[in-house]
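Next up, C-alpha cells for two forms of one chain, structure 1 and then structure 2.
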Structure 1
Amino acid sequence: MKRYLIALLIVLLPLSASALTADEVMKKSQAAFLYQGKDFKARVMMKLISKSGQERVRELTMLRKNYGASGGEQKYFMYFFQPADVKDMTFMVNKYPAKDDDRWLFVPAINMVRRIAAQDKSSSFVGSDFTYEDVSGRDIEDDTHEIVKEEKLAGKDCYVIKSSPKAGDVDYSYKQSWIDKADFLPVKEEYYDRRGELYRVFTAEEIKEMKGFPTVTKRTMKNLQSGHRTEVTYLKADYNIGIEDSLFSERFLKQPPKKWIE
C-alpha cells in the first residue's frame, strides 16, 4: 500500500510543483531575485540611454545584507565611481517590510550626510528607468497576484503572473511577470499604466551562477512612452562575503572601507 502511495506521489509530484499559488510563486521569486544569500556585493554599470541615443553612465558598488528571512529587513550600501564628479558619493538604504525606507546620502563636496525622504516608491532610481522599488523590491502583500497562464519564453517554462496593486500608490495599474519555473528569476515584466497601456518593460538578458546562486547579470528596463532605456550590467558579483553590520553607519558612509567598495 505504501509503495502505491509513494508511486502515486511520484506521479503527482510535477503536478504538485505546478500547483503553487500565485503568491507562492512571487515569494519564491522574491527570494531568488532579491534575497539570495546572506549578503551580496556587485560592481554595477548602469547605462541611461535616451531616445536619441545620448548616454549617461552610473558606476557603483552595491552591497546588500539581509536581516531576517525573505521579504524581511535589508540594508543596502552604494558607493559611486561614476559620473566622475560624484566619485565618493555614498548612499545607504534601510529597507523595512510594510514601512517606508530610511535613506541617507553623503555629499562629499560639502562633506555632509543627509537623510532623504522616501515617500515616493515609484520615483526614478538615480535618474534611471528603474524605480527604487524595482531595485529593492515590493512587499508581496501590497498586490493581489494571479497566475494568468504558463508559457515558454526565451526557451524557459514560465509562470505568467498578473499583480495588481491593492492601493493606488504606484504608477502602474498592473504588472505581468514571466517567472522561470526552474530558478524563479523574472525573465520579463510588463508594466501597464493607469490607462491600461503597456509602458515599461523589464527583461533579464543574462543569467549566471555565482556561488551556486543563479543571478541576473544583465537587465534592461525600457520606457516605451519616453523611448528612454536603462541597461544594467553586473561587472562582478559575489555572495556570502561576510559584510559587517558596522558598515551601515554614518561614519562609513563618509569613509567607506576600501575592501568593501572595490
Structure 2
Amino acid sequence: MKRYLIALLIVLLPLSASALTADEVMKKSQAAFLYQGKDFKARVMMKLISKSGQERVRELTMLRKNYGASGGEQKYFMYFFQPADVKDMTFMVNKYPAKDDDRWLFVPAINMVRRIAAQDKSSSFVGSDFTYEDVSGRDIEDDTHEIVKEEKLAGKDCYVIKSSPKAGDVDYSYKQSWIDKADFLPVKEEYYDRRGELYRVFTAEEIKEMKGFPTVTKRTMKNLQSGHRTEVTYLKADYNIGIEDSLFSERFLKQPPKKWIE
C-alpha cells in the first residue's frame, strides 16, 4: 500500500505543479492574442450589421509592433480605405503597461488630429461594437481574475475566467472569458453590465495558423441589448515584416507611407 501511495504521489505531483493560476492563464492569453511575433500586419474587413440585417462595410489596414517582452509596450497604426466617410482616416495607439494608453484619431474631413481621452476607452470604435480598449487590449493588472470552472466549448477544453475591474473605469461590471487550454486564445467572452445582465458577447469564429502562430482571423462582437453586431475578418495577415518605428508618429497620421498601408 505504501509503495502504491508513493507511486500515485509521483504521478500527481507534476499535475499539481503545472496547474495555472487565473492571472497566469490571462497573461498567456494576452500573449497569444495580442503579442505574437515582433510585429503584425493585417488587411481587415469590418462589417457593422444592424438588428434588421443592414450592413455597413469598413476596410482598413492594421499594423502592430511590440517593444520589449509580452505584456509590455506596443504601438498600433490603422488606416481606413472605405467607405467614403472614413477614407484616409487613421488611428494610432501607444499602449503602456500599468498606465493609460495614448490614442490619436486623424479625421480627414476636418483635417484634424484628435486625442482620444483616457476616459473614452469604453466608447465605440468607429461606430462598431468593439470599444477603443478592445482594439489594443486591457492591462491584466486592471482586473481581478479567478478561474470559475473548466469546460468544453466548440470542442475545445477551456478555462473559464471571471475578470472584475478594480476601478469603475469601464462600462461592465465583469466579464467571463473562455480560454483554450491548447493555444490560450480566447474562444468566447461575455460582458455583464452594471446590473449584472449579459449585454455583449465576443466569439472567435475562425482560427488559422500563420508562420506558426495560431491567429484569430474572424471574430464577432454582438450587443445583445441593441441587436447590433460587428464582424471582423482578416483578408490577409503576416508576422515579423520589419515595421519601422518611424511609422508611429503624428506626421504619418496625416500622410501614412503607402508601403505599409497597402
Partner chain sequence: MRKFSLVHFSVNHPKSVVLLTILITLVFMTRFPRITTDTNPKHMLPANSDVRVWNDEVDSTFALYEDMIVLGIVNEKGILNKDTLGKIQRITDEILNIKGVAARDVNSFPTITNVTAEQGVLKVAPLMTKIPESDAEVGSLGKMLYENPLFINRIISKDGKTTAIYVPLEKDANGKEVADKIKEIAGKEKGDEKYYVAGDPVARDTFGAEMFKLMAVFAPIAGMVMLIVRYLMFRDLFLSVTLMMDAMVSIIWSMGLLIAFGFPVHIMSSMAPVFLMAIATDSIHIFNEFYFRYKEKKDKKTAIIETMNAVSRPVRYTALATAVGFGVLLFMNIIPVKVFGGLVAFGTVMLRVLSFSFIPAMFTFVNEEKIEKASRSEDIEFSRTSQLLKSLAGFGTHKPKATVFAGLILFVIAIIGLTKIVVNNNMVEWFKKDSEVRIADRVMNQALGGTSLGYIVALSNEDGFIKTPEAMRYIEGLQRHLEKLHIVGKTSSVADYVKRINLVLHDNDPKYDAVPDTKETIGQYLFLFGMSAKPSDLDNVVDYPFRKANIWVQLKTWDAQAMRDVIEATDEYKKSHPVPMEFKPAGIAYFNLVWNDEVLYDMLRGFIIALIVVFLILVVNFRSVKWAIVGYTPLLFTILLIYGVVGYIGKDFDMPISVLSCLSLGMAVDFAIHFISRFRQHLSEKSEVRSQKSEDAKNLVTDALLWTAARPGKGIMRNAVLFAASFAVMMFASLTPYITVGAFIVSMMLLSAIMTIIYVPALITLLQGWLFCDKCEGGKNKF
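On a predicted model such as this, the values are computed, not experimentally measured, just so you know. Numbering runs along the sequence of structure 1, starting at 1. Think of the rigid core as the biggest set of C-alphas that the two forms share within 1.5 Å after superposition.
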| query | finding |
| --- | --- |
| Panel number for the form predicted together with the partner chain | 1 |
| Core-aligned C-alpha movement of Glu150 between structure 1 and structure 2, 2 Å or more | no |
| Large Cα move at Ile243 between structure 1 and structure 2, threshold 2 Å, rigid core | no |
| Did Arg103 shift 2 Å or more between structure 1 and structure 2, C-alpha, core superposed | yes |
| Rigid-core-superposed Cα shift at Met112 between structure 1 and structure 2, Å | 4.3 |
| Per-residue CA shift, Phe252 (Å; core superposed between structure 1 and structure 2) | 2.7 |
